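Next up: just one chain, as structure tokens, the form predicted alone.
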């Protein structure tokens, strides 16, 4: 099994950040998300350094939607990261983590007037997604006596080799302004009094394991940049979004591009157009999954094993805590703690406690023998894991633990039944 360096196996026991998984499960209970902070920081530095060695002005904005835990945002803020935020909640968390307003981009295709007002008051740059949004933001900014920096999100109409639900740069996507109308958007923005166009933005999708789509995007953006500069737009930054994927299959030779591969793909068109036009815009990028996905495992306990149409392994977490397999048919490796590295003996399907037939975390996996009470680790759950969890079936969400330098601590306590009802209220006609 090909494991990242923060995950190790010794005598069948899996450890993360040097701490045995059985110890963590005993201390904090299961289900349990466990994240290695040092792994995230190491990947961030590698990503930043590869880009910075090839281009003079680089800003790495962490895609906060991938994992919005405050402790993770704080760790990245201390490394100089900004953030791509998609909601008032993500905006406030990023600011609370110590990120400067100038290092944030407020993104999204459906911002409310309250969202836009908060962005204006916070002094963050807004990625504008439509002509309608531009006009609303201009009115709000003028009313508040502000000038809001903006970029427009371009829809580059680029197909990418990923799941259709996470391909965001398709011509049919809900995101962005079609690339053949983007020049009209900037012309209108230049005439506005409450906004100032200073950047251009795009994002083509997630979990992309080839570099050519990124290179193609950079070339499309470079062509648009030529036109914008000739129109009189002063570009402070060019944001190419994120989307770099990771290898989820650890028993196969699945390969993901490295930060060096990624940098080599995107920088030449941006560097060339900048030199041609005599401009010096910063290059912004928005990695999310790449930075956090493999940093985290989900520990689950086996409730029972049932031999039926298949060998069903019933565990104490389902799509209430990890919805990716049900939503995207996503693959996550499963490790049987205590028997890691042993030859497989049975084919198992790992299922959760949710009252849905689709509550399957892993289908038809060849694994060592599994019995009730065993501890399993589901790998690569740091991106779109806890952040997409729910309280479906009235199941409280689990705790999250952070590891750093061989120490472990809670970064989110487990919810209780009382938390489920804390926001509920009894209508007056039901009160005695």
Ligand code: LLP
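Positions refer to the first chain, counted from 1. These numbers were taken from a predicted model, which means no experiment stands behind them.
Keep in mind that the form predicted in complex with this ligand is not shown, yet the notes after this line are about it.
Colleague: Within a 4.5 Å heavy atom cut-off, is residue 319 in contact with this ligand in the predicted bound form?
Modeller: No, residue 319 sits far enough from this ligand in the predicted bound form that none of its heavy atoms falls within 4.5 Å.
Colleague: Taking the shortest heavy atom distance, is residue 379 within 4.5 Å of this ligand in the predicted bound form?
Modeller: Contact with this ligand, no.
Colleague: Quick one: does residue 206 come within 4.5 Å of this ligand in the predicted bound form, counting heavy atoms only?
Modeller: Residue 206: contacts this ligand in the predicted bound form.
Colleague: Is it the case that residue 63, even though its partner is missing from this view, gets within 4.5 Å of this ligand in the predicted bound form, heavy atoms only?
Modeller: Residue 63: contacts this ligand in the predicted bound form.
Colleague: 242, 324 and 328 - do all three of these have some heavy atom no more than 4.5 Å from this ligand in the predicted bound form?
Modeller: Every residue of the spot touches this ligand in the predicted bound form.
Colleague: Quick check for you: of 397-405, 382-390, 359-367, 34-42, which stretch puts a non-hydrogen atom within 4.5 Å of this ligand in the predicted bound form?
Modeller: Of the options, only 382-390 has residues within 4.5 Å of the partner.
Colleague: Between 82, 352, 287, 199, only one gets a heavy atom within 4.5 angstroms of this ligand in the predicted bound form; which residue is that?
Modeller: Of the candidates 82, 352, 287, 199, 287 is the one lying within 4.5 Å of this ligand in the predicted bound form.
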